[in-house]
Structure formats: structure tokens, C-alpha cells
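So this first bit is one chain, no partners, the form predicted alone, shown in C-alpha cells.
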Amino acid sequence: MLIPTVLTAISLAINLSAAAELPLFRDFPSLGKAISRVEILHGPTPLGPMPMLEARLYSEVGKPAPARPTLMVKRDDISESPLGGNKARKLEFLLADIFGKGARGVVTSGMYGSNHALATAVAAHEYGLKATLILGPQPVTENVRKKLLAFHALGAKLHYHSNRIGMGLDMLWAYLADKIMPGRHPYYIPPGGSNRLGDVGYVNAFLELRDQLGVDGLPDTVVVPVGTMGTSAGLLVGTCLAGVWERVKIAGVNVADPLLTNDGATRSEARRLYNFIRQSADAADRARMPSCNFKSRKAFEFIEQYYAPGYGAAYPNVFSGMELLKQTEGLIVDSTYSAKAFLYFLDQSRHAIASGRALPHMLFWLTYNAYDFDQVINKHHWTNAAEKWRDLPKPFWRLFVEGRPRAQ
């Protein structure tokens, strides 16, 4: 484990002072004084066209692809290994708040294979914090099992729950303990790192995209998965502050329980985030911030139908889309989040081509962390290398043995 040293403390101080370099803080300087940041990302994430995918889609109907590709991808999957994916952007602001409050540990929650829980465990490991992960049920795959091993190898304390009721009560206690005695109990991060502070990361992300493409080069639609709604809400607020409201639509593809994740809740999250940013700015910056109606159907579309058959589960066409993306552009996505959003992206593209229309100018925001955690797992000193899972708390053992053939 990386224990903070004098050099680490100096690095943190430098990182906290570097926040003014962000597009959001450059556009609205008072925010850089009001909102702290620990620098995890050292610059914009890559952005580029997907010509091989376009060529394949046109070849499916026997047509040549246009010379100028219109499908694009924003590569947050390689934002900063091993802290890749969309969680790195959120953790920059959450970590600053953790250190500002003097907390020595962090607690968060997610399903057994949570990408957010993994990112939090990595961040805690790298910054010398104790991590506690409250984990709940989802379909168990090899990817989920690998993440559970990585959680343990990174030094996180794991809480097992077989149902969401027990998980919710555990989360409630962690939240209340942090609020009642901040700094004395582990700092509570909500699922997905999605709160007003964490969501600021994706407000800045959209402004980063604007800087990369220029206002005139921005896509008509940005496609992103929606789980805890922070990423989509942040991007939506970003379109407002960038002055391209209703010119660039955020298409959020739902991958989570519709009772918690839905159109109205996402818009409310965006409205609260917008108000938080306004309240954090001084009068001069507030006067320059556009006013936006978050009920607008032109600015945001919530896509419901790709959630089925449920969280962590997927139909065969999701896996077919994953394979197509890997074959054409060499990109890796997960079946729980990014692959469902990509399937929508793919369906929209195929429909346009089949209808004889030009491909829409769309951007797929790849939020998955594709970092291979095998090296993290393999470096850990396991009691039994053949059955590593036996080092996990005993309730997790069943996730490694149920559904697998018994050894003869």
C-alpha cells in the first residue's frame, strides 16, 4: 500500500493548486477558488473518429463509407490507468473534499462488480486511505469475480449483502455516521460517486470536449450510459454552461433500476448541480452563466428500453455489439454499462444508413475502465493461489463456487 509521505503531501498541495487549469475554472475563475481538486487526470482524454466501424456499418448494406467519418468516441476508458473510466473525473473533487475534512477512510457502495467501488478502492490504495465497500447483489460473471479479488488485493474491507434492503441500511448508517461526526468516521461517497461535488467532473468534461472540437465541431448527440445519473447530469449542465443548450443533445441510455434511475431524477440531478455551481460562483461569474430549462426534450433524452433484462444482465445483441466494437476499433466495453449505451449508438447508426440518410454526427462517451487488474491480483500474496477467493470474507465464497462445475 502506498502510505502518504512528505513528497505525497507536497504533490497533493501542488495538485490542489492546479485546479485553475480546468476549462470550467478557466471559464468561471471564482469556481477554482470555491471548489478544490486533487489532480488525477493530467490533461484531456483522447478523442477521435471511428472510421473502421463506419466502414463496417456501410458494408453491411453494400454501400461505400463516406470519406469523412461522422461517428466519434471520447476515450475516458484510458483516462489514467489504473484509475480509468468516468470515476476518475468524479474522484478528483471527492478526494479533495476528503482531505479537506481530514478523513482517514472512505466508504462507498455498489453491486458486487461495481466499477465505482473499484475506482474508489484504487484511489484509497494510492492515497493511503482505508476503503470500505458495501456490496450488493447482481448477476455474477467472471468479470465480477475478478473485481472482487481486486477489491481485496487493494486492501478494501468488504461488506457482503444478499439483498438491497440490508445493503440500503448499511449505506444509511455510513451516511449518517459521516454527517454526524465528519472526519471521525469514514467519508461517505454515494453510489457511483454521483453527488453535486463529484458531478462537477463531468460538467468540466463537456467543456473539455468543446475545447477539443470547437463549438462548430461539436456533435449533434452525445451518447452515454446512465447508472447513478451523475455523468449524464454533469454533461447536461456542461452543455448549458458551454452555451450550446439544445444544440447538442445528451442521450442517456439507462442501465439501472428505473425506480431509482429515470428521466425525472436525471433532470433533477442536473438542476441541483447547476444550482450548486451558481451558488459556488461569485456575482460576476453568475451573471455570465446561461440560464437553462432542464425540462427541455431537445437538450436531454432518456433512453429506457436498453435496461432489459436487468442490471448486470444483457441480451445476445449487447455482446454482438461488444465484439463488433472490439473488431473494428479495438475498444473494450462492459456488458453492464457501456455496451448497452453502445448498442443504442449502433442501432441509431444502422437505422440512419438503412433509411438512406447520412450518419448522424454522434459521439459515444466511453466511460468504462478497461484497465486489466490481473497484475493487481497476481501481485497480492494469496493464502491459496488456486482458490484466491478463500481470502475474502466468507459470505463472498458462494459467488465463486455456485454455478461452477465441481472438481472431480
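Keep in mind it's a predicted model, so treat the numbers as computed, not measured. Residues carry their position along the shown sequence, with the first being 1.
If you look for the form predicted in complex with a small molecule, you will not find it shown, but the lines that follow are about it.
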- [ ] May I ask whether Pro23, Phe28 and Gly201 each come within 4.5 Å of the small molecule in the predicted complex, counting any non-hydrogen atom?
- [x] no
Task: Stretch in contact in the predicted complex with the small molecule, which is absent here, among 135-143, 329-337, 97-105, 169-177 (heavy atoms within 4.5 Å) - done: 329-337
TODO: Examine Leu118 and determine whether its closest non-hydrogen atom to the small molecule in the predicted complex is within 4.5 angstroms.
DONE: no
Task: Residue contact check: Tyr368 to the small molecule in the predicted complex, 4.5 Å heavy atom - done: yes
Task: Non-hydrogen atom contact Lys87 with the small molecule in the predicted complex at 4.5 angstroms - done: yes
Open item on the list: Please determine whether Cys240 contacts the small molecule in the predicted complex, using a 4.5 Å cut-off between heavy atoms.
Closed with: no
